[in-house]
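As C-alpha cells, one chain now follows by itself in the form predicted alone.
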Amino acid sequence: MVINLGNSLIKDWNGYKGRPFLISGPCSAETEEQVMETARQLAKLNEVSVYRAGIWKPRTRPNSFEGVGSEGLKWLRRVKQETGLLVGTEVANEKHVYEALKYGVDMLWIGARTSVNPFTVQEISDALNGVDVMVLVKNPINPDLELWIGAIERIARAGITRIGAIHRGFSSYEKTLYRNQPNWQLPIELRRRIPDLPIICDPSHISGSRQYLHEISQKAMDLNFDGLMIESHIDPANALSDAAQQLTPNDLKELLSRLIYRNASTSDPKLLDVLGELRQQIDVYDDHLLDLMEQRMKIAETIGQYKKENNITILQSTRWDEIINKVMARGKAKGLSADLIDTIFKAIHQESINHQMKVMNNDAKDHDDKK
C-alpha cells in the first residue's frame, strides 16, 4: 500500500539550501549566550537551513536537565531575527505547540517518546489544525513502522502540508555499537510506502557518539535521504545534555566537507543497460530463493507430520542451536554479515514453526468444523 500525503516536498520549504536539508544546533538551549553564539557560528557555514534547540527535554531519569522551558523560545526568536535562520524545537504536548507558535518557531518536531503514543500525537495534531508550519515526526522508540506512519497521517489530517520524517534509530536492550539501532530497512520501507515524504536522518541520536557521526551521515546520503539533523554546540564537552554526540560548528563544517553526495538516478544509456541486465540477474536469483523457500517449507511440514504422529513438540532447541551456529560460521566464510544471517534464519525458523503448527492443529480444526 502506497500512501499519498500530498505536497510535502522539502524543496518547497523556505530556507532550503540544497541537499542535504541541514538542521543543526544544540541538543538543549542552556543559556542565551550559548544559543546565540552557536547560532552565529552555524549561520557562517551557510549550509544550515534550520537552527534547532531543545526547549523542553524529556529525560529518561528525574533530576536530569529538563530544559529551560518557554524562556528559551525568546532566545530562538532572537536567533531568527539576528541570523535569518529558521528555528525549530521539539514539542511533546498541546501546550508546547501553542507556546512555540506564539514565539514564531518555524519548525516543530515530534520526538520518539511522543510519536509512540497516538493519544498525544492526536492532541498535538488538534493544536496544529489550520496552522502553516513545518512538522517533522521522529520514529517511535520501538521499531514499529505502522505507528510511525500513523503519527504522520494524524499530522497530515490536521491540514499540515510541509511534513517530513526523522529517522533517529530504535532502542534496543542489546548492547550495540550505536546508541540506537539504525534498522535502515524501516525508513527504506517508509520511503516506499510514502514516496514523496522527505526523510531526515538524525545521526546524533543514532550514534550517541561524535566518532560515528560521519559514518551514519554518509550512509544516509547513500540511501538518498533528504537531509540531516546533527547537534552542534559551542562547547560540547560541557553540554548539559547529550555531550558525547555534539559537534562544534567548525567540526560540523569539516564533517560536511567529507560527505559524498551521489546522484539519485542516471540518464546514461550505457549505464542503464548494464544496471538493467544486472537487475534481471538479481530477479532470477530472487525467484530461485522463493523456490528454495517453498521446498524447505514442504520438508518442514513433513517433519511436522512425523512429530504429530509421534507426539513430539515442535520446538527442538538443541536442533535450532545447531542450525544457527552452523549457518553463522558458513555465512561469515561467504562474506555475509552476522546480522543478515541472524535475521534471515530466525525468520525462516519462525515460518517453519508456523507451517508445523498448521500440521499439528489440523485435527483440532477438523473437529471444530464437524461440530
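Note that this is a predicted model, so its numbers are computed, not measured. So that there is no doubt, residue numbering starts at 1 and follows the sequence shown.
Keep in mind that the form predicted in complex with a small molecule is not shown, yet the notes after this line are about it.
The stretch from 147-155, 281-289, 70-78, 108-116 that comes within 4.5 Å of the small molecule in the model of the complex, counting heavy atoms only, is 108-116.
Within 4.5 Å of some heavy atom of the small molecule in the model of the complex lies at least one heavy atom of R168. In the model of the complex, the small molecule lies farther than 4.5 Å from every heavy atom of H96. Contact check for V50: every heavy atom lies farther than 4.5 Å from the small molecule in the model of the complex. Interface residue remark: K57 is counted as part of the site for the small molecule in the model of the complex, having a heavy atom within 4.5 Å.
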